[in-house]
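One chain comes next, on its own, written as structure tokens: the form predicted on its own.
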Amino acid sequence: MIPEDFQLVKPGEIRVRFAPSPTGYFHIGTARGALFNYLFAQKNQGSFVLRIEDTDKERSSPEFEKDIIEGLKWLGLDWSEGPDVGGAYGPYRQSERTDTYSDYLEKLLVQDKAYYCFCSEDELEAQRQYQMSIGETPRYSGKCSDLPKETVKKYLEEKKPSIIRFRVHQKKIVFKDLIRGELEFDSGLMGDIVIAKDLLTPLYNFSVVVDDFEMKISHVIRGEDHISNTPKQILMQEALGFNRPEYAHLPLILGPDRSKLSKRHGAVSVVSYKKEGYLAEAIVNFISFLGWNPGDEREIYSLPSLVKEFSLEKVQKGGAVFNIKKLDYLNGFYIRKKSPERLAEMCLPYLEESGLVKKENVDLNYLKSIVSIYHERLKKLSEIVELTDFFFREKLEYEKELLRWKEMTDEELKNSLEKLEKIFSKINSGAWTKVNLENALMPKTEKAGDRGILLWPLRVALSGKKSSAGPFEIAEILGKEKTLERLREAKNLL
């Protein structure tokens, strides 16, 4: 434990913490909480602390902790103190702070501000059911609150199952939420609350109170689902003589149907978004608007500009709606900001994973030319595989009906393919450019009366797809030999 006189924090210094539980993957809602804490700390030249709350030993996992840390780093949310970088107020994993919690638990027990409860689960459940049946809020009856010390000692020696409860005295608890204003609670509705399974196993509300004090946290910024925990934590702060941090509770994130956000709304882990080909800057920009509004029409914000503009006063009280289409729009914007060279590098892993290319054999200039014609179309990097796979395949597989424009007969289709082959055969390889191809073919399409008679079979023959980039752009990249070969293969389908 840090000695009482160990002061590294300057008076008035802003210190916030992002304190995830490693019981699941790093999701959008969790990332939003991390971002808002980070922005608040950066805006106020404060400290952003990463604390891993892994007291739930059964559900906590190093795999989930690694996922959280990797997600934060990918988003660019760097912390000044944490389990991997250390700091003056560590350790920063709750599982490594057991002795500290035990000291404070014993202090509460000695001062009779907490006590051992030996009620069985069956007793507690029966009590809950009865209270609900008569219209009361379920709360502990206080049965074990006045057990004689001798009885408690005897039960403990007998290893009778027990928990530790905090004594809650009836009073009004009032605190100012920096987003919602003044909130008031009646502690009489709580009953005595469980704060630990035993001296070595503290529960969430207790360990958070101790950690926030020991780590000198000045502001607690978290989701509104924690509002009901705040009065409990305030009571424990008062009992232990701790300072009360400022509180700000962020709005819930909702799906488009305004129900609680879930996977069916498109919300998955941050790493999953990364794998799908969303860019970190797009995710940060997107989640910044989940509950925060700058007050103008601007939609594009880099991380530095968010730091400059962010304030808790602009955080909304109402639920924030998650809209995957907005995320796709932002991601497309940031993709278009990349240079063709950089975009080709970013797309390469997706093409390699699909088996279309091998990194060591890739011609980056060729790849850049392919990616460039889809630069404006991409919403996420993973789409590059489906959009461009035909460039890397030796032979295309598609139904011959796809070649047919409207009601063309097989004979008309064959004539179109032969005409295309004849026109392109006359163009020298050295003059094989999009402009020259277009100049050679477009007058013929005008004479045909319907441009689709030539252009549609050309597109399908070259790509094997119903929709693609322009056929002249594709032909230029494929080259003369490959273009003519694909036109002949299309004829063979007939």
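Each residue number is its position in the shown sequence, starting from 1. Just so you know, these numbers come straight off a predicted model, no measurement behind them.
One more form of this protein exists, namely the form predicted together with a small molecule; it is left out here, but the text below deals with it.
Just checking whether I283 would be counted as a contact of the small molecule in the predicted complex - the rule being heavy atoms within 4.5 angstroms. No, I283 stays farther than 4.5 Å from the small molecule in the predicted complex.
Although the small molecule is absent from this view, report whether V208 comes within 4.5 Å of it in the predicted complex, heavy atoms only. Within the cut-off, so yes.
So, in the predicted complex, is R377 in contact with the small molecule at a 4.5 angstroms heavy atom limit? Contact with the small molecule, no.
Evaluate A475 for contact with the small molecule in the predicted complex, applying a 4.5 angstroms cut-off between non-hydrogen atoms, and reply yes or no. A475: no contact with the small molecule in the predicted complex.
Contact segment among 289-297, 122-130, 220-228, 105-113, judged by heavy atoms lying within 4.5 Å of the small molecule in the predicted complex: Checking each option against the 4.5 Å cut-off leaves 220-228.
Quick one: of Y334, Y301, F390, Y204, which gets a non-hydrogen atom within 4.5 angstroms of the small molecule in the predicted complex? For this set of options, the contacting one is Y204.
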